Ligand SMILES: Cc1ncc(COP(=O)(O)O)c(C=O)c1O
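In structure tokens, the next block holds one chain alone, the form predicted on its own.
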């Protein structure tokens, strides 16, 4: 896919002011392909050349209620009349915390700005609370862009060694090897390997941080009982269970993955859907741990955490989700998955459709079900990438990275679905001869 002349000119301008022309490496698609947005509304996004796309990226997932949602914008405009940043608590912040408590079944909340800040803070809280230093995560899981999370997020399968004792591979340069000495990464959905590691090393491990479904692996789902097993092992060994709900929170259910999978974590991290695109995030959890966060105890802070604009956005977002917006999201996701199945069955290509209805993914693979990173990594990503490239050319925009699921908003309609499935079918036929 190539960008149009106006998008290309705007991107060239960006390269003279922004490193690489972007503010995040994930936004760079190539010198001739990186789009620059002109505007967005509802389920649609327009580039600088006024080409419209049905948007299934949704900013990597946050925009669950649609772009420029009027009720949210109006609520923010009203809230801004009192100011925005005080380095003091405000009423909107309190209201959001109360709603998170009610919807997610947690005791106490701390506000922050991004998912990266939330997971980084949760790890620190777990270390302080347990007096232990090491973090255990799972291969393929992404927990934000900080040094304690960027291990085995996207490694070459030949580089991680034997799955019973995988090597740690940093995501890129600049991540100190010494940080890796404080990390373990194991295969997702493998109780046996996890149990063995905990028997050997439980006394070192402060927390197990887990994406309840692997949102950076086209939404690999936990097998029955796996999250319950993690919960039981954490309780057994006094390890803090952190459920990273940056992607799933307030998306796959009103109470997030804790409600969806009926598993209660010690700490939970939220971002993305909490603000519908505004920088709202939170660390939440049970009182025995979160009650220890405070002056003279466990440190946590941030200048912009709980600012009025982000909190007013979250305040209205949670009201709309509580009122039933997720029904529209899940209904569209179910229909999209059914349409994919029909098209791919006809194409005769081996595939897996997986994930919750609100964030489903596709992997072209001979596997009957993907349960861990290696299953996804060994899939046919070239075919998927080629199909998605054609979809984007034709005006349907999931992310061009095969790791990402398709994110659904409550603004996607049946009319959109008809167009999207037509484009998807046409793209599949052009790629799979």
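Positions refer to the first chain, counted from 1. This one's a predicted model, so the numbers in the text were calculated from it and none came from an experiment.
The form predicted in complex with this ligand is left out here; the points below concern that form.
Among the residues 142, 92, 261, 129, the one placing a heavy atom within 4.5 Å of this ligand in the predicted complex is 142. For the residues 332, 272, 316, 110, the 4.5 Å heavy atom test against this ligand in the predicted complex is passed only by 272. Relative to this ligand in the predicted complex, residues 114, 211 and 216 are all within 4.5 Å by at least one heavy atom. Though the partner is left out of this view, residue 246 does reach within 4.5 Å of this ligand in the predicted complex, counting heavy atoms only.
Remark: of stretches 143 to 151, 178 to 186, 227 to 235, 72 to 80, the one touching this ligand in the predicted complex is 143 to 151 (heavy atom within 4.5 Å).
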